[in-house]
Structures are given as C-alpha cells and as structure tokens.
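Consider the single chain below, provided in structure tokens and representing the form predicted alone.
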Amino acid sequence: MSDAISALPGAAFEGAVRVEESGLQGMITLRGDFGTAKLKKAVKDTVGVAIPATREIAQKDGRGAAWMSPDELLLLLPYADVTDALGKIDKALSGTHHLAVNVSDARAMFRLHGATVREVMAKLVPVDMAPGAFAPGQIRRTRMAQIPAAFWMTDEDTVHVVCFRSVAQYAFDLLKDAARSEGRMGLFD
C-alpha cells in the first residue's frame, strides 16, 4: 500500500497573504436528518462539536463540522482517524437513513493568512467579504472563479478553502494570483 500524500505537498506562496496547501486533512461527508437525536449524538461523538447552524462551521481541537446544505455536513478530523470514525458513525446511525463517506483523498485544502485575506478572497468569490457581512465561524459553499469550493474564516486574518483534488493546482494558482498585490488593497478600510 502506498503512503497517502496531499494534493500539492508543501505548496506555498508569499504575497499580500500567505497561501499554503494544508496537507492531509480528514474529511467525511455526512448526510442525514439534522433533527434526529442519533445524528446529533454521532456528530458530537465524532468531532466534539454540535451540528452548526446554517452556513456556519463549528471547530474545536482540530476537529469540526461544517454546514454544507440542509441535510449535509462536512466533518473535519485528523486524516488518520477517518476510518475509525466512519465505523463509529455507521454503528451509531444503524437503522437511520444516512450517508457517511470518506472524501479526504478527493479534496484539497488551502490556508490563507494575512491582514488582507478578505480582499484576496473578494477577488475570487461572489460573496460579500466585508466585516459584518462575513465573519469567522461562517462558511460559504460557492464558486471560486470557475470551480466549486467552500471556504470559512477561523479568525479575521485566516481563511480555509476546500475544493476538489482534481482542480488543486488551478485553485492554488488562482489564490496565488489573487494574493500577488502587496500591502493593503483598501477594499475594506
């Protein structure tokens, strides 16, 4: 068996913000009825957080749950824990209509960090990135230029982006190009 590697190991760029590929990240797509006690418990037991509200992400200690649609969550956890987590989820939700799939190797994840992260993302996504319109703890599933992507802020200077692995190089190049401007861009001053 070969060793797992992320989409663009070690890829990084310094510009108006730092753009870097995040490395291996465990990701489980979980679909089901958010109102069931079994699903709520399975999420809490797997990632240590409650099911987040619409268009939000809840994170704690390197784990999290991101709202992706009215019946879909993206669970984030260490890459090495995914197989065991899937077994626990399937056992916990036995007899309940659900779908739990390991999508870790089908996705790429990037981290952007810097004071102008809002401006950099505003160049690429049809989302109001102004303070007060988009805040840490919120997530958007949208298009980033020509590709589907999801992104969220963990703090005022940090954004995480998830996209399909097949477009990882394209996504990285988009993010680099958007980050090429130096200094404050003035959009949100």
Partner chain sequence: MLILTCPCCGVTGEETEFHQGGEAHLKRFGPGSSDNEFHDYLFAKENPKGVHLERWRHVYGCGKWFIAARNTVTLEVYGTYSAQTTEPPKDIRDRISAKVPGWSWREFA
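Positions refer to the first chain, counted from 1. This structure is a prediction, so every number in the text was calculated from the model and none was measured.
As for the form predicted together with the partner chain, it is not shown, yet the points below apply to it.
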Quiz item: Which of Ala58, Ala122, Met27, Met68 has a heavy atom within 4.5 Å of the partner chain in the predicted complex?
Solution: Met68
Quiz item: Taking the partner as it appears in the predicted complex, which of 40 to 48, 139 to 147, 154 to 162, 58 to 66 has residues with heavy atoms within 4.5 Å of the partner chain?
Solution: 139 to 147
Quiz item: Quick one: in the predicted complex, does every one of Arg31, Thr54 and Pro126 get a heavy atom within 4.5 Å of the partner chain?
Solution: yes
